[in-house]
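This document starts with two versions of one protein chain, written out as structure tokens and named structure 1 and structure 2.
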Structure 1
Amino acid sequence: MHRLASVSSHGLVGRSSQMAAIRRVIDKAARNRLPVLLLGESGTGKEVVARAIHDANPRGRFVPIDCGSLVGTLMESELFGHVKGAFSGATENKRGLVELADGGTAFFDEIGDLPLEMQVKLLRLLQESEYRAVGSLQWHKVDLRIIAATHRDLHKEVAAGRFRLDLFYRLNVFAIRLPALRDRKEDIPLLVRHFMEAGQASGLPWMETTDELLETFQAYDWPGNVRELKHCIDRLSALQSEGALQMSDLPSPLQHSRASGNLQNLSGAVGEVAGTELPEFAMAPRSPVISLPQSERHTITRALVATKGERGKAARILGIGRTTLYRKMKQYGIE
């Protein structure tokens, strides 16, 4: 059985100190109904944390509201609903997302994308716990927890006049900043295992990881964070069904990161080649004239020259496995 108990409390994966701190904050936030503001780069798992806060003290339903998708004249109707005849096409009363969240949690994802005119109405909801449907004169009271999330720097948004300062203060009661994946790389093996288990449960084949694959993951900075890692695992698991996993199956950003890392490793290891002076062997600065594959081919060739053709030694200097070296030699036509 390939299962591993990689998911800790609140459904958050990882043993890093950053994740332990977030779990503690979730426990504290769940004890009350104060607004929560989740900050962090895209893909860091803000909705996962929002659901964890709701589930730690569940009341009512959890209603996600994607502020980035609320556009045009129907935005207010989507949030607060409308009454029959409020506008052309309003043939019946409609409940809004806020009403659906009454008694539970409304999660405003990407709150920084909400237009200023809607920010005013959200501020009223926060201050008075009430809203008014489009076309109605009646105010409706609601009991809900509001959790907001954004990848934007709200201080800068306020300074630029794109986000209301009073709304920021109302939301910033309980702020939680989620770390980027590059800042908690010790959690990557657990996350990989977790996503493989989730993929297997949804019908994807199991993928055996290798040290080479995990080293590549650890060396990459994951600008898309946990979301990017999940998509990568799903892709590799799907490709696994077509035969043995190849490093060439990695998404292009990881392949370039790996090739660049190999060049750096070799450049730093030149001085370790006993009795060999190859000043021209050091990696040249990147230029738009020389492609990364060309640089990698040159690097491998020089490693073989430096080791007098000893492939095992060349692989060790490059920091790659012997089979990877053989595959790249074949790829670049190196004899």
Structure 2
Amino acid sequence: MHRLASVSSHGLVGRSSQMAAIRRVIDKAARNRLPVLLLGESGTGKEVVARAIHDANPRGRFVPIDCGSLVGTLMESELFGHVKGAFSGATENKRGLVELADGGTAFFDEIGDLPLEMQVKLLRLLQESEYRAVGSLQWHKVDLRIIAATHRDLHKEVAAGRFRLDLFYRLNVFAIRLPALRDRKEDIPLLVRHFMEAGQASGLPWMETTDELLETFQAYDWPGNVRELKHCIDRLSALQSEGALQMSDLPSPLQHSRASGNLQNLSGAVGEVAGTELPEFAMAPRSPVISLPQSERHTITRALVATKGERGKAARILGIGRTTLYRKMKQYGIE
């Protein structure tokens, strides 16, 4: 127990020097209320770090806000609330997420996806600590800690005119870059153990790992980072029958990674394990001609059908964040 508690301080597993540095920055960030910008590839733990910063010095609530999931008036009203009669359908006054986060932390996830017209409003919130509900003339003051995260390169977004430079400067006061899992592979065995224990706690059978298996995990580059590793462990534990895990149980990109250094994303391949399929994970037809995007599109659709369109549930099954799911749905034109 103690050993685990020490490796997972702040809810973060990992003993690499990179993780130690991240823990120190979390402690520093927790001492003030400056805006924090979390950068890093998908699945590197940006949300885990955002929560850790809040929890290290908890004040008020931690309110996650998906910047990619809402557009136009709906988003503005979701963020800032609206007054009765502000638009058709606004039959009551409604409080927004920003008001909910007052006194606490607002986590703007996928800030790089925030539409330009909303960026102006967020800038005002950052500069003046005030906002206006849709349809209201009155400004309200708030006391917020703002944490923002994105997998995008904000310099590029600024250069392309999609992100306001002034907002970028405002947010970039305290930037934390989360390393890709391939750049801290020494953390992989600990993470594997952590996810196995978590799986066991939620009723999945225990898996015995071998050195060979861990070496294989360390040889793979995990383009989907910690999220992909977690997904892989969950799927393997769910699919295996009790006992030691065999090399042949592994999805093929992992089996081949040592030889080829293949960067292929696993998510489409995990269904091949041991010829079994969990019904809700039903995979795309396994013909060699199907492309990864096709297979991904198919898998997402199946997950949405299986959950009757419940996106949160579908995202959990797929092992990706809700924002990532929204983005991919948009990308593939899935309604």
Ligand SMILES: Nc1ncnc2c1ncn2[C@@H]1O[C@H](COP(=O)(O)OP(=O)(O)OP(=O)(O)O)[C@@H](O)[C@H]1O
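By convention here, residues take numbers in order along the sequence of structure 1, the first being 1. In this text, all values refer to a predicted model and were calculated from it rather than measured experimentally. The term rigid core refers to the most C-alpha atoms you can superpose between the two forms while keeping them within 1.5 Å.
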Does structure 1 or structure 2 depict the form predicted in complex with the named molecule? 2
Is R327 one of the residues whose C-alpha moves 2 Å or more between the two structures after the core fit? yes
